[in-house]
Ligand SMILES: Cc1ncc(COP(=O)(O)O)c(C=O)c1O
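This document opens with one chain alone, in structure tokens, the form predicted on its own.
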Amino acid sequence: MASHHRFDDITVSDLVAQGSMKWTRNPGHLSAFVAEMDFGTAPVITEALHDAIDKAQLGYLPPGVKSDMAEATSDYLSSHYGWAIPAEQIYPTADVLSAFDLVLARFSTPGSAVILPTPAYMPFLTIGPARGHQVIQVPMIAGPSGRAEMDLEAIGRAFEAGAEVFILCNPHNPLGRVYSQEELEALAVVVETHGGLVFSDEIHAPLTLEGHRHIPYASLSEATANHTLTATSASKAFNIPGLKCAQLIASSAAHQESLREVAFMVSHGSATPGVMANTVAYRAGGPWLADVLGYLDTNRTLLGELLATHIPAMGYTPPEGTYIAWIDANGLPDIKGDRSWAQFFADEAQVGLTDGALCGEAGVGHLRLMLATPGHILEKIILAMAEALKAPSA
């Protein structure tokens, strides 16, 4: 029998009572659609936030708080990934999407195309077009081991068609891939050959699971440092996205010089409490996060067992990083009517999932599910889905 964990004591009622968007947007539903954890956050972060409120540190971002976060981020990147990046090249920003928006505006030609491996994090499909940039979707392909891999030849063709920016998501949302050094180096050859720019979304880096190692793309070589802007944050790993703080990292002298001119714009959306929370997370949140990673490791295995037992027609490969599960529903019988599987399970099982089609053409027939929930709730979710599939409406 598995040992009892304190997260196992969290109930659906507890989560609803906390009032998060995840658990109140669809009353009566078991929610697994948005990338939030159901585990609270590290006590050291809670204590730091209480202290900030007691001291009324709720004004505009002070220079000392900003530089302290940059130093903490630099130390974390060095100690965890061996990436030596000076603190002065690290900027606070509201979130990864704000960083991406700024990179498009500052470092790409208006109207140029953006390359996006799919399935992908949903907003990457919409931000570019909203700014006048076409998105070239490049579906992931199955590698020799069966794992999803980037289609380097198609990426090269997209650059040749005029694309300038490539979006790298590592660890990958929603596939959970943690790319190997060989994969990243092969990508770097393609980007460098075509003079491209990489926006590297590494927000899930602290959530790399056992058996895998995160490698910051920009740390590979002088070439990758020069053609990459990286965004990361403690927000996903420590469950604090509402505090609005991420880090934009300029690893080239040219990008750093350009960003100095708009430093205020880069940092303006970040919140003082969020910057403080990220600093504390990087410096003192390790023990709490290690415990979370162990629980996620158990849950990714548990989900496989539950699906194999109750919905064996669904395909699933445990993620290598993140707390996101990508489920293939194409093996299920056709649904009556014109509903997606996400809508079917919302209607018939009262389970909230993300429709894979929102992640690009390659996501049609798939579902995105969050593993960062107590094991007994994960079991309730799968059992409710299994029961719905037995109903006449299926």
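Numbers for residues come from their place in the sequence shown, where the first is 1. Because the structure is predicted, anything quoted here is derived from the model rather than measured.
FYI, the form predicted together with the ligand isn't displayed, but the following is about it.
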- Listed residue (Tyr295, Tyr121, Trp83, Phe159) with a non-hydrogen atom within 4.5 angstroms of the ligand in the predicted bound form: Tyr121
- Task: Note which of Leu229, Met150, Cys169, Ile215 lies within 4.5 Å of the ligand in the predicted bound form, where distance is taken over heavy atoms; exactly one does.
- Result: Cys169
- Distance check, Met265 to the ligand in the predicted bound form, heavy atom within 4.5 Å: no
- Item | in the predicted bound form, Leu97 touching the ligand (heavy atom, 4.5 Å) | yes
- 4.5 Å heavy atom contact, Ala329 to the ligand in the predicted bound form: no
- Query: Closest heavy atom of Asn173 to the ligand in the predicted bound form, within 4.5 Å or not?
  - Reply: yes
- Message: The chain here is shown without the ligand. Which stretch in 253-261, 198-206, 68-76, 272-280 comes within 4.5 angstroms of it in the predicted bound form, by heavy atom distance?
- Response: 198-206
- Does anything in 36-55 come within 4.5 Å of the ligand in the predicted bound form by heavy atoms, and if so which residues, in order? none
